[in-house]
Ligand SMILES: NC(=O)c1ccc[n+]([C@@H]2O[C@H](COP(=O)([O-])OP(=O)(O)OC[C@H]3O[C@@H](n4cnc5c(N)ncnc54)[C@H](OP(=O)(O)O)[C@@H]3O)[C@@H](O)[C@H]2O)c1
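Next up is one chain by itself, shown in structure tokens, the form predicted alone.
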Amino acid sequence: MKVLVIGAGNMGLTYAEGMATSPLLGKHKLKIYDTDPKKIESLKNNSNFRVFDNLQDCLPTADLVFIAVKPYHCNQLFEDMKPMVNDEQLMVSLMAGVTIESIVVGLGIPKVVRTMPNLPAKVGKGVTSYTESKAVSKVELILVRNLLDTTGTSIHVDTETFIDASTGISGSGPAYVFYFMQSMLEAALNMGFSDYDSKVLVSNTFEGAIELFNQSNLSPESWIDRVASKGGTTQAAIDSMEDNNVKQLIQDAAYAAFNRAIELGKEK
């Protein structure tokens, strides 16, 4: 299996590094393409990659192509790619908001899988939702899933609406968590804790809470009930959040990302 990754930014490089040692590649090294000379030199230090700065040298012979460029670069990229692709190739998009139809039309090929990755893939904890065009076979879809799973886990969704929706939850979600963490860090610093102690208090609290959640069948609400006692400190904090409508604001933020993903698709 000859796999090519177009674009060595955060997402492209993350998935390239995850897939490079997959047995699915057989004897072939993973191909990676970029146009940044400094990035190309850096990529050449990874012995698992074959690095290219010319699409003609790598695209025509690839079986499966991951497209990991910024969405606003896709139209020009599609123009460059179109003379070099064929109907047997399978395209996997890591681009936010770019629809399957726009890729099919832009490249003139039938087999497209659209995904929504997220940043924790960099540490093997990613979650990638994906869906496909009608021309993609079940065998090809299993292959894509196995490759996506090299960076964490993946979930198949029935329609692109769920890809846009997962943008608002998992795609943008790490930023919401970091936003909450930053708020807690600042609170800890204002209370007089050192930078180091603030980081330990916040990061271990998040890690521990997630581990508790993952190792049980309890809902977040049930865990809140276990931590909060009537008239206690935790309940005071929860009451403050409820009074300030924090839950609704977080949901509104997720929908804002969801709606923006839909808008991006319409702009292509």
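When you see a residue number, it is the position in the sequence shown, counting from 1. If you're wondering where the values come from, they're calculated on a predicted model, not measured in any experiment.
One more form of this protein, predicted together with the ligand, exists but is not displayed; see below.
S.K.: Establish, in the model of the complex, whether Ile6, Gly9 and Met116 all lie within 4.5 Å of the ligand, using non-hydrogen atoms for the distance.
M.R.: So, yes: the whole triplet contacts the ligand.
S.K.: Note which of Val69, Leu64, Leu59, Leu30 lies within 4.5 Å of the ligand in the model of the complex, where distance is taken over heavy atoms; exactly one does.
M.R.: The residue in contact is Val69.
S.K.: Between Asp239, Asp225, Asp36, Glu211, only one gets a heavy atom within 4.5 angstroms of the ligand in the model of the complex; which residue is that?
M.R.: Checking each option against the ligand in the model of the complex, the one that comes within 4.5 Å is Asp36.
S.K.: Which one of these stretches, 144 to 152, 187 to 195, 92 to 100, 106 to 114, sits within 4.5 Å of the ligand in the model of the complex when only heavy atoms are counted?
M.R.: After filtering at 4.5 Å, what remains is 92 to 100.
S.K.: With the partner left out here, check for me: in the model of the complex, does some heavy atom of Leu77 sit within 4.5 Å of the ligand?
M.R.: Contact with the ligand, yes.
S.K.: Are any of the heavy atoms in Gly168 no more than 4.5 Å from a heavy atom of the ligand in the model of the complex?
M.R.: Result no; Gly168 lies far from the ligand in the model of the complex.
S.K.: Wondering, does His73 line up within 4.5 Å of the ligand in the model of the complex on heavy atoms?
M.R.: His73: yes, in contact with the ligand in the model of the complex.
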